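Below you'll find only one chain, the form predicted on its own, shown as structure tokens.
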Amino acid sequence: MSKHITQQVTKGVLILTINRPEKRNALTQDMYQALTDGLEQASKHDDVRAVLIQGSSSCFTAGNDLKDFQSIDQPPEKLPVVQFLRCLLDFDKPLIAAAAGAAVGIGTTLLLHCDLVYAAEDTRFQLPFTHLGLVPEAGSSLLLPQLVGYPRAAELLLLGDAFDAKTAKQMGMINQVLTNKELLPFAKQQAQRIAALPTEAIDASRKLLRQPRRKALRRTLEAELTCFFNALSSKESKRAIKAALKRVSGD
């Protein structure tokens, strides 16, 4: 496991915690690999019946580490981030998320794959792909319009403005808004509740819920990946990412 991804199993729940506070939990390829490893291990072990992905009570994730992304020197097929996205699509056990503070990029699109999502009052969601010369990922160009309707999805994905937890709840993106103090204990409790229910019934119910969109989601995910990595290598994106890094560094 990456030193920035910790895991703990309690009462049938694997808790994967993103822990890189000095970088607002921005995700590197090593961290994506660790998340994928955790999900794959959970899928194989009968004693794990649900997975909870969380950050701290003040920060979920600021999204991709842009410097790490700039240093990519291998084909997309081999990248841990790609493997993680495909793993999300195929994961066969209940997936719960607890978000607080920053939930940027993958920090928002990841939630679209979860069965239950809880957020702290201070959570700020954002899908800033176009700001970086990029396109949606993780199947969000399909999942988000299905969830919130095309007009709202277009606004979120094209303009890339941040929105708060109350708005996310109103749009149906999350299940409940809690205080920062309540968030992690409550999400853990809910994960343990679902883990304690009859496993075969939960598995069958999830399959029925997800089956109508499964094939279309796979096609969308692969199409997005092609567009995303084409965009990532463009001059437009390189300029936008360079400017974003400059703003972050304060230069």
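Quick note: we count residues from 1 along the sequence shown, nothing fancier. The structure displayed is predicted, hence computed values, not measured ones.
Missing here is the form predicted in complex with a small molecule; even so, the following discussion is about that form.
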Worksheet item: All three of A62, P128 and F228 touching the small molecule in the model of the complex at 4.5 Å, heavy atom to heavy atom?
Response: yes
Worksheet item: Does L217 make contact with the small molecule in the model of the complex, using a 4.5 Å heavy atom cut-off?
Response: no
Worksheet item: If you check in the model of the complex, is F186 within 4.5 Å of the small molecule, heavy atoms only?
Response: no
Worksheet item: Can any non-hydrogen atom of R247 be found within 4.5 angstroms of the small molecule in the model of the complex?
Response: yes
Discussion item. When the contact criterion is heavy atoms within 4.5 Å, does A153 count as touching the small molecule in the model of the complex?
Written reply: no
Practice prompt. Work out which of the listed stretches, 142-150, 115-123, 170-178, 96-104, brings a heavy atom within 4.5 angstroms of the small molecule in the model of the complex.
Written response: 96-104
Fill in: Contact assignment for the small molecule in the model of the complex, among M31, L39, A50, A26, heavy atom within 4.5 Å
A26
